[in-house]
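The chain below stands alone and is given in structure tokens; this is the form predicted alone.
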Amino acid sequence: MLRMPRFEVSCPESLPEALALLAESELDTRVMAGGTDLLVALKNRLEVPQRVVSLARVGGLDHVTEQEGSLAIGARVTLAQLGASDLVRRLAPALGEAARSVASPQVRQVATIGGNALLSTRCRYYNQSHFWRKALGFCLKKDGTLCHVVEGGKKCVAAASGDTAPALLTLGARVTLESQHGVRALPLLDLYRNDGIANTVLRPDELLTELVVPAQRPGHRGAYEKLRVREAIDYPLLGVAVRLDVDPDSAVVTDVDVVLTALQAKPRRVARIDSLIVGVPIHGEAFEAAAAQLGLRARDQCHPVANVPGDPEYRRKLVPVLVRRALLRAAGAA
């Protein structure tokens, strides 16, 4: 049986009280909303905090509201609520699909969008029990000095594994970070770092309180595709989010964005793709050919390593498959 380490639990009743607890630097503190990842990390001794601050009683963080086409989503909204929201299905379809793809129905009832957006990077050599990691000699991310993925590597290559982040990035989402020192609002892209150990710029005294998805262009479409061993429970071996903006009158693509996850420590935006598909009608063979070419360009920019289960070369070969599939579904051509 895996037992959790000893720690103090605080249950603030308000956001100011929660921020005051995070500002106390004398205790190593972690925040718990749904706890679906934190509790596992505690049992595996991946996290050994002195205090856990629960957000269960903090109000004002569980809203999904629309204002002139823009979506405001509280950080404690569960993935089940997000996936079932009519507003999300209508205004941000890729985000709804990504939320519905996470884990199992039971986990989605508890897991939150804030926790998924801030999900720590994962690695096949890190996300194991303490006994397993000790037998291996630990790793760069926790307790050791070696990278077991890249021989001689000096930088942790654990992979981003949150499903909602790539979808949010295609939508141009912003995040609100709050602390006793004030409020920081920044593009979601600026939240992430390509560092397997410290993959976000979130400070220990800050709390992610809200995500905002700006109003999308008329004709907006989106989709999310996920490669995993099983259709439930598993983290992505590869995740692909796409955004298509389509002229409502001519049905021609006016803009496109493709973001991949589970390849490196931060989600990866595919570069130099506009010329392949912008101006192409979404119906017909020309769009299918453009989607295939875009998938190949995405593959050429991806070089997976053995940081998550699954053969890296197989995952690379699936990049064009999932990109093409997501584009066709977004266009309604699947």
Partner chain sequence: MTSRPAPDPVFAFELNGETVTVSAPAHHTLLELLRYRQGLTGTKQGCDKGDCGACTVLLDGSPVLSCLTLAVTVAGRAVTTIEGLGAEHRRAEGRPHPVQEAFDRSGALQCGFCQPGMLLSSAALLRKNPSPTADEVRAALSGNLCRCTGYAQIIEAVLRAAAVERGEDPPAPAWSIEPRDEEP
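As the structure is a computational prediction, the values presented were derived from the model and not from experiment. Positions refer to the first chain, counted from 1.
Only in words, not in the display: the form predicted in complex with its partner chain, which the text now covers.
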Checklist entry - Is there a heavy atom of residue 154 lying 4.5 Å or less from a heavy atom of its partner chain in the model of the complex? => result no
Next on the checklist: Contact with its partner chain in the model of the complex for residue 29, defined as at least one heavy atom pair within 4.5 Å: yes or no?
Outcome noted: no
Checklist entry - Can any non-hydrogen atom of residue 40 be found within 4.5 angstroms of its partner chain in the model of the complex? => result yes
Checklist entry - So in the model of the complex, does any heavy atom of residue 105 sit within 4.5 Å of its partner chain? => result yes
Next on the checklist: Only one of these stretches, 5 to 13, 321 to 329, 306 to 314, 18 to 26, has heavy atoms within 4.5 Å of its partner chain in the model of the complex; which one is it?
Outcome noted: 5 to 13
Checklist entry - When you measure heavy atoms, are 54, 57 and 110 every one within 4.5 angstroms of its partner chain in the model of the complex? => result yes
Checklist entry - Using a 4.5 Å cut on heavy atoms, which of 232, 183, 146, 72 is close to its partner chain in the model of the complex? => result 232
